[in-house]
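One chain comes next, on its own, written out as structure tokens in the form predicted alone.
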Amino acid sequence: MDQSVEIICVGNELLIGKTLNTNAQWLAKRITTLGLTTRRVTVVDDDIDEISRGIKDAIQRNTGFLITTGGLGPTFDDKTLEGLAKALGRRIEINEEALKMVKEKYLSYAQEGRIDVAELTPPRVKMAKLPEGATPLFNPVGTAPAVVVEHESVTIIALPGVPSEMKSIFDMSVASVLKQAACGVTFFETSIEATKVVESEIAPLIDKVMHNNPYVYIKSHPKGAERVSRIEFHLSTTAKDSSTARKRVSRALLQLSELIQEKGGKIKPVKS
């Protein structure tokens, strides 16, 4: 079974450049550290057809997990669950467990004096309308529950777009599922910075080190200009245990450092 992950971020604010897509970066990082691989990140508009098309495409690519962010709230442009229902060919209906979560949230808001009335208005009930067969995930920070639904061999998880809510639900309810799917695979990474060398001279050295260390991926990131060169090298690997992962990266790092120094370069570790 494919255990790769795809991410779909929903929101017109992302497409027009109003909002920086920090959710995708945070999720990709967490997914990687949990031992899985993010294969694709897609951004779509607040449109049922666009959302549905994006979800269908991901399912056809046989991804193991599909995580969406955004579009779970009470407003007219929160359309993720409708798009999900359309993609799966399922009805969208009030989920009693989700409705209970929403109701209890508004009762607590009223008790805290944050709102005057805890009435379940149509926009509030909207957050409890899920595709049939879906399961709500408790939102400890906000109101709208997250949603998980199994479809064929794909696990689809719909998270809120508010970063604090998305992160909280992910850590509480999603991370353990992904970690289990990774079957103990461990990710390890480290970085060094080199000066007094240019990227074009280092490129064949990277190829050599990666050839000698086939399980280690090395990526160079120029930080300066050709005349005032400063390059960060990021080394990473995944392995069945942390000791093996660390040894692989350490061996490649030593080889790369020696080759850079032979070229007259100066190196130093990069703080994470």
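Here the structure is a predicted model, which means the values were calculated and not measured. For every residue, the number given is its place in the sequence shown, counted from 1.
The protein also exists as the form predicted in complex with a further copy of the same chain; that form is not presented, and the subsequent description refers to it.
- The contact with a further copy of the same chain in the predicted bound form, taken as any heavy atom within 4.5 Å, belongs to 43 out of 59, 239, 43, 48.
- Proximity to a further copy of the same chain in the predicted bound form, defined as a heavy atom within 4.5 Å, singles out one entry of 162, 101, 172, 181, which is 162.
- Proximity to a further copy of the same chain in the predicted bound form, taken as heavy atoms within 4.5 Å, picks out 122-130 from the listed stretches 83-91, 122-130, 172-180, 149-157.
- Shown here without its partner, the chain carries 136, 186 and 257, none of which come within 4.5 Å of a further copy of the same chain in the predicted bound form through any heavy atom.
- Taking the partner from elsewhere, residue 217 is found to have a heavy atom lying within 4.5 Å of a further copy of the same chain in the predicted bound form.
- Using a 4.5 Å cutoff between non-hydrogen atoms, residue 35 does not count as a contact of a further copy of the same chain in the predicted bound form.
- Looking at residue 53, you'd find a heavy atom of it within 4.5 angstroms of a further copy of the same chain in the predicted bound form.
- Contact check for residue 96: every heavy atom lies farther than 4.5 Å from a further copy of the same chain in the predicted bound form.
- If you take 5-40 and check each residue for a heavy atom within 4.5 Å of a further copy of the same chain in the predicted bound form, you get 11, 12, 13, 14, 15, 16, 17, 18, 19, 20, 21, 22, 25, 28, 29, 32, 38, 39, 40, in sequence order.
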